[in-house]
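Quick setup: one chain, the form predicted on its own, written in structure tokens, and binding and motion questions come after.
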């Protein structure tokens, strides 16, 4: 090969490598940075740039984490990505920490599950939940104690259990993760056999998974026909809202402020209301719930008929992939149903 061809080949290889890295950066920034931070220092999601995380997480773990997500938690599954795109994201994540991560075998670690359950209750449950359901909230600053840099992940979760081999779980327990509340259990006085027992218990979650409550409803909207004219229907909505212990915020035409005053569509009225106790509970679990708060119900007239409608909180919940929030959305769904039924009778 001539020197010119060699230099050209080297240039093409370098160009391809840089293109792959840039592609991984673009994919990360578009799909991951909102939760894990533009610089990988975390936020809603765990900090991926932490050296202890980087060295304890294998490439295979990262690939599976992207593919499977965390069902019922905030992390979605990115099934639409090609293998090449997933690999590009993994390469980009790796650039934050030099060095090579651990390599794990797929062999299972044997331990005393009963003893591991006792140790888990004593050492792990306060952070990861009594049944491995994970810490509450999403991890953003105002929804967690400020001394916690991350929210403890869910261990009784199919996405985690499918991605994390026993040896990785053991290494994390033995070494801890500097920069997080996760301490080394060896330094806390446990023996390797004790740690094996905890690993065996965590793996036993596969036989006793937590039920997933997330089911996608068919209806994106709740809609009912009113038996009264529009004006009376709006008044009935206001009475129903107050009767359910909500504070009435305002009543306006849908296109108010979007058109010249006096030219609003008076056949489309929206009623805003809020229960601040419920609002605080929901925001503490997942601040993204603010996207569809305060609560609102719309009344409109079409073809001589009057309808009352609202978004379906259960449908919105599936977007957030958060079991804890889903329970609140179920509560909100029933509240909407009660208000709309009362207003339309």
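Positions refer to the first chain, counted from 1. Keep in mind that this is a model prediction, so the values were computed, not measured.
Separately, the form predicted together with a small molecule exists; it is not shown, and the next lines address it.
Exactly one listed residue, out of 177, 117, 244, 238, brings a non-hydrogen atom to within 4.5 Å of the small molecule in the predicted complex: 177. Checked against the small molecule in the predicted complex, the candidates 88, 271, 222, 75 yield a single residue with a heavy atom inside 4.5 Å, and that residue is 75. A residue is said to contact a partner when one of its heavy atoms sits within 4.5 Å of a partner heavy atom; residue 181 meets this definition for the small molecule in the predicted complex. Proximity of residue 309 to the small molecule in the predicted complex falls outside the 4.5 Å heavy atom cutoff. Although the partner is absent here, residue 128 is a contact residue: one of its heavy atoms lies within 4.5 angstroms of the small molecule in the predicted complex. Taking the partner from the other structure, the small molecule in the predicted complex has a heavy atom within 4.5 Å of a heavy atom of residue 61.
Only one of 224-232, 67-75, 259-267, 98-106 lies within 4.5 Å of the small molecule in the predicted complex by heavy atoms, and it is 67-75.
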